[in-house]
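A single chain comes next, written as structure tokens; it is the form predicted alone.
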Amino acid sequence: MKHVLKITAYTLRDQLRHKSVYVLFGISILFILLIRGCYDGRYTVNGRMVDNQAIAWHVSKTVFHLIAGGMYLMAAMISMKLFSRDREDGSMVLFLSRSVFRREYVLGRVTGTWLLCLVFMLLLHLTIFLTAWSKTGTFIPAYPVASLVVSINLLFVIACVSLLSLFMPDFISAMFTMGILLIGFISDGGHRILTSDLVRAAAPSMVDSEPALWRMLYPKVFMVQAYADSLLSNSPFHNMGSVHPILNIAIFILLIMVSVLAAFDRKEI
């Protein structure tokens, strides 16, 4: 465990040395600050003015999901060179030539990358949370909790890219992982639309009451985000199947990490 913590700390320092991290963070903060004008607007729906609190809820929820989506891509881009860069600059040999097991190296690298992305996303979510509070007085207590819930998706992305990068080119592994997320978003998002009250009332025959088995077993990245959305809205969460999406993703992360450790243990350094 001591070695895992040391490699985790090294990974954080290593990533923070790259100027691109600060550039991305600065651009993200600038994007959020530009959205501040949305909280000052006056909107009319069906001839009635919408109050600031309602505007704050909708804008904050939209930006919450935009930040999460952007962080998935950022996590994939960082993770795709997690091992190849160490192999090229000799850092991997340096670590493993000491009394460090391969599993400790892998766990430390993955954990450090996840913590960096987690803190990055949490800071962005806190920024929009404080912006909504200061501009409209709307306090959304579940915002930080929802951010932590979505962070499990970041770990899934990092683990998946780490595994695929051991067998295919770095960029392809990142794009393949994003394709996995896209399929899940289309499948689970489509199911939520078809089972919504509006569709049930308008076209009952279109409702897919029994989704295919593969859809229920597929990684529930979208449903984890939907669960976070239900926390923000303080509304009921409608799951697909009987397994909670957080448990679903946790199982996938465990299986993928076991595969990463097994594959890396057989890989020549």
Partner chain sequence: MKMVKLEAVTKKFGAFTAVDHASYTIEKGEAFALLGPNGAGKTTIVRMLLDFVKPSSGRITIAGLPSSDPCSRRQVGYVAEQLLIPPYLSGFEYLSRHAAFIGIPGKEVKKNVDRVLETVSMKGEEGRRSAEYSKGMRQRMGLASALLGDPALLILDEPTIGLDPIGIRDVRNILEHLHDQGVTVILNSHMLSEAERTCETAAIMVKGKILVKDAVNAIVKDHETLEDVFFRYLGQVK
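None of these values were measured; they are calculated from a predicted model. Positions refer to the first chain, counted from 1.
What follows is about the form predicted in complex with its partner chain, which we do not show.
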Original post:
Which among 145 to 153, 82 to 90, 169 to 177, 117 to 125 is in contact with its partner chain in the predicted bound form, heavy atoms within 4.5 angstroms?
Top reply: 82 to 90
Subject >> Contact of L94 with its partner chain in the predicted bound form (heavy atom, 4.5 Å) >> reply: yes
Original post:
Does F185 make contact with its partner chain in the predicted bound form, using a 4.5 Å heavy atom cut-off?
Top reply: no
Original post:
Does at least one non-hydrogen atom of F25 fall within 4.5 angstroms of its partner chain in the predicted bound form?
Top reply: no
**OP:** Would you please decide whether W133 lies within 4.5 angstroms of its partner chain in the predicted bound form, comparing each non-hydrogen atom pair?
**Re:** no
Original post:
Looking at its partner chain in the predicted bound form, which residues in 69 to 86 have at least one heavy atom within 4.5 Å of it?
Top reply: none
